[in-house]
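This document opens with one chain alone, in C-alpha cells, the form predicted alone.
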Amino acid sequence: MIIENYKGVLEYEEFYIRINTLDGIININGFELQLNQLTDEAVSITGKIESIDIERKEE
C-alpha cells in the first residue's frame, strides 16, 4: 500500500499503523506491518493488511 501526501506517522506497531494525512487519519490493521518512507510526501506499508479505516477531518 502506498499513501501519498502524508503529514506524519502517529503510531507504528507491527499490527497497527496510524498515518496523519491532509484529509484525516488513516488506520491500518494487520500482521507483520512494515513502514518504508519513499519520499517526503509518500510512504509505503507492506505486510498482511486486514483492514483500513479513515477518520475524516471535520470541515
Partner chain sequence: MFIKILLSYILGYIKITIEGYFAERFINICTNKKILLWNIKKINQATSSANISIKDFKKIRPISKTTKCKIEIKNKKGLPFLFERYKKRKILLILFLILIINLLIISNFIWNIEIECDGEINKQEIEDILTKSGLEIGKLKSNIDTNKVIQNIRYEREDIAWAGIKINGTNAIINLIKATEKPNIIPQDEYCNIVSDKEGIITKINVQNGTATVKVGELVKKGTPLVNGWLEGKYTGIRYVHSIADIQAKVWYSKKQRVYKSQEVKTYAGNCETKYKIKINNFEINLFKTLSKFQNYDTIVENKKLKIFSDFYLPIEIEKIQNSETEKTQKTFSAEELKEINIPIIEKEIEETIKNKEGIINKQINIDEKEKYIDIEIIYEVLEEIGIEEKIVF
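Numbering follows the first chain given and starts at 1. From a predicted model like this one, the values you see are computed outputs, not experimental measurements.
Unshown form predicted in complex with its partner chain; subsequent notes refer to it.
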(request) Indicate whether its partner chain has at least one heavy atom within 4.5 Å of a heavy atom of V9 in the predicted complex. (result) yes
(message) Against its partner chain in the predicted complex, would I49 count as a contact residue? Criterion: heavy atoms within 4.5 Å.
(response) no
(message) My question is simply whether Q34 lines the interface with its partner chain in the predicted complex - judged by any non-hydrogen atom within 4.5 Å.
(response) yes
(message) If we define contact as a non-hydrogen atom of the residue within 4.5 angstroms of the partner, is E14 a contact of its partner chain in the predicted complex?
(response) yes
